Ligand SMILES: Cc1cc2nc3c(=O)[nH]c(=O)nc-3n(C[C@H](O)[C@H](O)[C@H](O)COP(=O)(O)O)c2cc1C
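For reference, the chain that follows is the form predicted on its own, supplied as structure tokens.
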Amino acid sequence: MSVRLPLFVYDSTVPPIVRSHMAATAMSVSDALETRSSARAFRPAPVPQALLREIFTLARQAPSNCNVQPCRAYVVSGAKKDRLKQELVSAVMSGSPPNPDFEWNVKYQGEHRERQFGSANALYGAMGIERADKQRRQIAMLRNWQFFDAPHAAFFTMAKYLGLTGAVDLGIYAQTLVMLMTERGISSCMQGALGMFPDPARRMFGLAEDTGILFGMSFGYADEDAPANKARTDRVTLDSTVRFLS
């Protein structure tokens, strides 16, 4: 029997950690970083609610500037997720321009644009979609707002006035979640796209005007046989990333 999870708002009121029968594996952080990749196709089986609560409880340990802990995550599953998916697809297909709560209009330049193209080529190449096939690329892009058929999606929100400082904290929090999920065999995909058309999610969550959705994440158990999940991106050299001074 499938499990239907209600809309779950995570905050400090969550009770002490629940240790489920699906306990964490012995995977190291290094192993998690080496093995993780963004999943864009999922199996329908949901993550047990006790395991969700365990992961989100542990994620509270993520650092934040001055310990302000600004993130409020909304996790949608089951019927609420399906309804939100339909409303998001309708918003995207309406032809209206994106209206994100925060600035997302970044025009990549130089080497950053090259890496953006490299990422797209890796994904569409794995899916067998040619560069000139605009229709199939658009269909593939639309799957962002269908959560790639994942059983769960998380939306990361914060007070709008926090700006860049809050965005840093949300990124750290989300990365912490990803590592905890990877340790437990749960796949994920970070999605700036889920912040592009925020109105349907804002209505469902009842967000105040001073609170915004920054980005989201689809997650669950990956469909390992899906072509999209065969895509892999490269990484720049160490010297391109860091300089050691002494």
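Start at 1 and count along the sequence shown; that's the residue number. This is a predicted model, so every value here is computed, not measured.
The form predicted together with the ligand is left out here; the points below concern that form.
In the predicted complex, the ligand stays beyond 4.5 Å of every heavy atom belonging to residue 49.
Among heavy atoms of residue 201, none comes within 4.5 Å of the ligand in the predicted complex. At the 4.5 Å threshold, heavy atoms of residue 77 stay clear of the ligand in the predicted complex, well away from it.
Shown alone here, residue 57 lies farther than 4.5 Å from the ligand in the predicted complex, counting heavy atoms only. Note on the partner interface in the predicted complex: the residue among 186, 41, 193, 207 having a heavy atom within 4.5 angstroms of the ligand is 193. The stretch that touches the ligand in the predicted complex, counting heavy atoms within 4.5 Å, is 144-152, out of 91-99, 144-152, 78-86, 129-137. Interface residues of 46-80, taken as those with a heavy atom within 4.5 Å of the ligand in the predicted complex (partner not displayed), are absent.
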